[in-house]
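One chain is shown next in structure tokens, namely the form predicted on its own.
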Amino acid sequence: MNIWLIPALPLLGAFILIVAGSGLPRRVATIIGSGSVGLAALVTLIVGYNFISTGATSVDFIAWQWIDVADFSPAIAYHLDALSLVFIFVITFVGFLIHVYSAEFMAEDEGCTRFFAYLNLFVCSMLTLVLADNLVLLYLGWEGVGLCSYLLIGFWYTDEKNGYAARKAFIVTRVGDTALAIGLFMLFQNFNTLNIQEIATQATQQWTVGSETAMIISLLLLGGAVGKSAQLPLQTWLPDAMAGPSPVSALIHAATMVTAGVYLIARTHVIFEMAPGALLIVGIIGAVTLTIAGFTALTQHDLKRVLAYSTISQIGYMFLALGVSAWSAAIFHFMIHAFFKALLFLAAGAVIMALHHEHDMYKMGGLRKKLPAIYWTFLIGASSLAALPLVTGGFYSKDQILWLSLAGENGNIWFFLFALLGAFITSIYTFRMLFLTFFGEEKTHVGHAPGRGMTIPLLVLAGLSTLGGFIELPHSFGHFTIFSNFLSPVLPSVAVQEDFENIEWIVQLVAAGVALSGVYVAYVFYIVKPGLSEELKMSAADLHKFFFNGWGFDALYDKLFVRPFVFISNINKKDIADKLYDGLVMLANWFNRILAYTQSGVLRWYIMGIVIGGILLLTLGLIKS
């Protein structure tokens, strides 16, 4: 199997775009960018077909020996199994649709070629991350997505705010990356290897459940996952990352960066299983994060910021599932979430472009008839996000998490209540977003409707958002479990507590009722009596402001870290080390001025210089002889 082609094709596309630069016509640049990722998706299909038809549980491919120092010898090697296959399917196919959409969205942008080069590098880095057979190569992909997110968030770099958002994302995620790097050092110290499969084997042989070392390493890995996946307490970078173009938001939120943390924990689940305390913390982080992000999304005006907080919340559901050892449920929600979140971001981008770059939902409205294709696809994505029962993919993926957060072997009533509260809030803010944007009176004139290049990816994603959920049905709906069966050789199944075995349908009824109740609340507040929301906001202005500002995390970090750092930097600005560099600069400037004198344009000085040089050379020759 030509696994190596899957990350190599987007990399080749990026290389051509970078080398050719702005010399390429924009149409050619979009074809190279989209085509290379489309070919990677095609190769993924072929590789996936071969993988399933041969009945293999894993396939390894070693490209070359990367490092070989003493006992440390990681290779550029790929490991394909059911988990990595699900991820590369989502990354290449959703990535390809985003590329196709971008061809029209970025058609008039001067940096079109640069945009596709960054986008291809982003896809390549994420593919490297999920296919790596060792943690060194995984870390290379991990840092690659961090670098590409910085480049793409700050893509429109002439606006100072975009540059700030890019730097913020880069710096905040470095906190988690540092924890991850320390975790990798500890893993090598314990096992003398960073090969993921070897670590999984040795961990069960060397450690016992509850091992202190396993606990420390799990928490360090969790630190990395929390940073990349924008979970509590490192969630603050993601809302500001909306500064990038809408296709970038779709790619970051759906198929690449924020899902890296979920993948890392799932891939190293053996280590986490040896540390039940760390698993509990993963679940708590997920439960608290999904609630906090949900309340924050409820108060936002910017269409893309609502979706950003929604992503934080939905990743929180995945963390909750990982925390209760519902591994396949977390990955199932990752896949369905990738479909509907990419759909929602791309649809939001189409709306924003049609309304002359207006982001404020309160300045939209009445778009249902003006942009019917966008409305219907957005409605399908919103229904899946709100997990409307029976007909949406989001219902089946979220229902599993709700059920196992209560009935799973590591589940409890508190996890279930948090998940249920999150589902209710999600339903409200999702349909608040829909009603404000597409219903009511038109407040901003529609410029031009998106063309087929932007509409077709939306239609495909709408189909996947709906039909994707039917590949894994609960026990009470026919017990069709093709997805979890496929993942079972890699991720263990979760046991259900005996007391809960017969009440799954009750949990499903409650979840369905909660989702529909949220829709009704949003309908009353934003369609029937639109003044109610304003009255509620005025009556609890301080609380609304608190939620609107993301529970004050930015202000807190500003006081705790940013201002002290700036203060100390100002004190230390005359550091002796800086004098050395200042001296080097002054010396270089002095030599520059001296050399500049020799370029006077006066012929006699040039002749004099040649004569003096000749005399010096002859003198040196005589001295040496």
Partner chain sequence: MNEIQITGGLLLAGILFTLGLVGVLIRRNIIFMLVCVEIMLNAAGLAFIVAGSKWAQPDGQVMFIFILTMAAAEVSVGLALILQIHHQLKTLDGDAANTMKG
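Positions refer to the first chain, counted from 1. Definition used throughout: the rigid core is the maximal C-alpha set that superposes within 1.5 Å between two forms. Computed from a predicted structure; not experimentally measured.
The following text describes the form predicted together with the partner chain, which does not appear among the structures shown.
The shortest heavy atom separation between residue 603 and the partner chain in the predicted bound form is within 4.5 Å.
Residue contact with the partner chain in the predicted bound form: residue 569 places no heavy atom within 4.5 Å of it.
Mapping the unseen interface onto this chain, residue 599 counts among the residues with a heavy atom inside 4.5 Å of the partner chain in the predicted bound form.
Although the partner is absent from this view, residue 611 contacts the partner chain in the predicted bound form, with a non-hydrogen atom inside 4.5 angstroms. Positional change of residue 560 between the shown form and the other one stays under 2 Å at the C-alpha, relative to the superposed core. Shown in the overlay between the shown form and the other one, fitted on the rigid core, is a CA shift at residue 15 smaller than 2 Å.
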